[in-house]
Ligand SMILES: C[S@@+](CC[C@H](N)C(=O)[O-])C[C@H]1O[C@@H](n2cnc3c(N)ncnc32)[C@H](O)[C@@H]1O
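Only one chain comes next, encoded as structure tokens, the form predicted alone.
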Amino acid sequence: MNTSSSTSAIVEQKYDDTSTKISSLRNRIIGFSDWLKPLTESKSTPSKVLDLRCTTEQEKRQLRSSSFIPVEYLKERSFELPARHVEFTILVSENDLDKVESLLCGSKNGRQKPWKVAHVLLDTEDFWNEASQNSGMVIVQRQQQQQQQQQQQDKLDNESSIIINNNTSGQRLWQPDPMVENILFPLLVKAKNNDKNNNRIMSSSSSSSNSSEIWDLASGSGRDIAFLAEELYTTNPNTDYKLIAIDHRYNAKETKIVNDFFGRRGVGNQTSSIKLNLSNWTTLEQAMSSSLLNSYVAAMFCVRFWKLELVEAIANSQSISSGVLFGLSHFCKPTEGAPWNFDHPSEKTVLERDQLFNLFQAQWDIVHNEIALDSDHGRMMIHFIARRR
């Protein structure tokens, strides 16, 4: 892959987008009809909406399929926002507009891009009146529970255009890692289907009736685990996969943030988070041994996390059962010995093109080994998955 010409231009930007900073959010305010125009004119989808009002207002009425973060928690939950190069629309009270602009469009240093807020919808009566007259497919109205239930039912009967949205998790603004979404997820679905169809015995210490665990090593905010849990259980509500977010940085506060996130996404029962030392293989091997008493570790993966000693130990371990998947998505040079023309990350943390292949080929089957471009800054990434023989 020849990427030198395209990446050099990207490097010159230094991760900055000054044009986004110059324009105030007040200059991006539009009405409901203007937001809906892409759908009415060209059948394309309007930009995704992030509802940044207070909970009380959101419970009264909302746009269907919008995502919701109470404005007072925006900074704490910024990991739920889209990537900074992806456009989206916000719904906000005018009183909170300056605060939201400071959080989304401010920048503490030249390397930090603001989020790409394309449009602003203001929470006004005029906005909701216009919305309710346009399409029952996009307006959702909720009534406070246990308040005048009969009047609520009468209102719903008389206003057939109003649709109640029962999806508490809301639309997903953020995107999982492409390796997780496009490669690992289909493999996990296929593996589970094969196990059921062929009654495959997955390990000598577990039976086919036991659950299978998926480990995200250095899982951070837990977005990839949340994605896998949502999609695996949507694909098969009876799947027995248990998804574990593992990070050496988790403390009580971080663990609560991650577990609360899983709960909001509706996957709290299928997921958990634990703190483990990821600097060496011993702690993981001990955890795996304990896990195998009740379940089978079906897959482990790392996203933008690299520790050579840990990955070497995984590649050479004799305690990992046949069939276990290992996935890694990380920064990588496109060819052996190629230069790395980016400021971040430092070149010493970037993989050589065949480094993972050489580590795993002796005892693992290489399932996927591809170089791709990071959509954010155009840096090269490797999407790698191997299966233990």
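When you see a residue number, it is the position in the sequence shown, counting from 1. Note that the structure is a prediction, hence the values are computed from the model and not measured.
Although not depicted, the form predicted in complex with the ligand is the subject of the following passage.
Think of it this way: in the predicted bound form, the ligand has a heavy atom of just one of T89, S212, S219, Q270 within 4.5 Å, and the residue is S219.
Proximity to the ligand in the predicted bound form, defined as a heavy atom within 4.5 Å, singles out one entry of R223, R265, K242, K113, which is R223. Interface residue remark: R304 is counted as part of the site for the ligand in the predicted bound form, having a heavy atom within 4.5 Å.
The ligand in the predicted bound form comes within 4.5 Å of a heavy atom belonging to D247. Residue contact check for N236: none of its heavy atoms lie within 4.5 Å of the ligand in the predicted bound form.
Although the partner is absent here, L278 sits close enough that one of its heavy atoms falls within 4.5 Å of the ligand in the predicted bound form. Here the chain stands alone, but in the predicted bound form its contact with the ligand, taken as any heavy atom within 4.5 Å, falls in 296-304 among 296-304, 228-236, 98-106, 314-322.
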